[in-house]
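Below you will find one chain, with nothing else, as structure tokens; this is the form predicted on its own, and questions on how it binds or moves follow later.
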């Protein structure tokens, strides 16, 4: 039998980080969680920042635990995070300032100010990317607007997963999938958009771009001494959604939409080349990179963020509440009475999510949810209706029928969530695996190690190694009635 090899995926999500070991025996892949730690933004002077040094120590602790458990079979490590956020280094390699968190308010109003310099149409023509106030380009413009002085001292801009890779190896790089989240990347030329960078007078601080599956270096000597092992550090699809989509167990010619479900529901299809149709600008879709060099044509929809934020509020009055109890309450609530639009900006980071949902229903003349279950069901139905809209727009943009929906990530655990999407879209839903982000990260490391040739081989391994659940749609005309109401009040984002 072939010797087992172990690959460590470090995934930094919206509320926590986790270290997941992938053990491959040459045929099947299994995973084991090695460590879990919080990833809560630090609030300093009324601004939200990444707590980078603490997270770096948590990463080292995770690697050390993996060495202790798996020994010589431990082959490499890869790090992924959400997109858009970054840190700045000076010419000596020192970190400048505290990297901003994308939910900070310092980018408020910056899209409007930036598009006074260059039109949205021109930015889209150069980048094929959607407009979100937290995109890297707008964070940089906000730093200029607020005269944050250390931007002028920067030699390199490192996207967050590549910053943590730098801490491990000393290597300066930017990985392809995370680069495509910046709105500074030209997906046609497959490099930085020098034209947009020049128009906006952004400093020349963007590193060379490398493809996922590249071994970028080895752990620094001091780190190798600490963990008692020298390790390869591999660039996975460093954007967490890029890694999650790599692990969607889709067949090579299957016409399915993916949903990477977590705080956000990142929903789209995989295409060989970026779609530059101007309708993307109208619908605010985007092109982001994939493991293997393809693109994800997708839409960001706010997802289980609603459950997370409601739980935070309700736990103060009832500490025994958890996700499973809330899901049961929502399941028992009366269906198809109301909805929210999850992409309405009022839901980006309200102080009291339950009251915000109630206020939305009042203002849109809908039945007002009263119980916890009704509030959550209202939110989940809104997400499902947005998914129906996304399906319709993807079919329009690609001129292909979407035959099924594949959901991966944390939302797979929520049976009501999966069933509502099946019902609203009238598509079969295939749910799983849960740990898609870590698995996609691991697949890139397996490619770097020569264990598999490409992402399609990896997806075949995932199909036979992990459970996939199927949800079939139930026909209910009330969905059509609710959807007509939804379209009338839907935010244009």
Ligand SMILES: Nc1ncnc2c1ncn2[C@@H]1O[C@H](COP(=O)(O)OP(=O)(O)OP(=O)(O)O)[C@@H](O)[C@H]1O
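Being a predicted model, the structure only gives us computed values, none of them experimental. Residue numbers count along the first chain shown, from 1.
Quick note: we don't show the form predicted in complex with the ligand, though the next part is all about it.
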**Candidate spot 261, 307 and 410, all three touching the ligand in the predicted complex (heavy atom, 4.5 Å)** = yes
**Asked** Just one stretch in 123-131, 177-185, 402-410, 419-427 has heavy atoms within 4.5 Å of the ligand in the predicted complex, so which one is it?
**Response** 402-410
**Asked** Using a 4.5 Å cut on heavy atoms, which of 115, 324, 224, 191 is close to the ligand in the predicted complex?
**Response** 324
**Message:** Please determine whether residue 107 contacts the ligand in the predicted complex, using a 4.5 Å cut-off between heavy atoms.
**Reply:** no
**Prompt:** Is residue 474 one of the residues lying within 4.5 Å of the ligand in the predicted complex, judged by heavy atom distances?
**Reply:** no
**Asked** With the partner left out of view, is residue 240 within 4.5 angstroms of the ligand in the predicted complex by any non-hydrogen atom?
**Response** yes
**Prompt:** Do residue 414 and the ligand come within 4.5 Å of each other in the predicted complex, heavy atoms counted?
**Reply:** yes
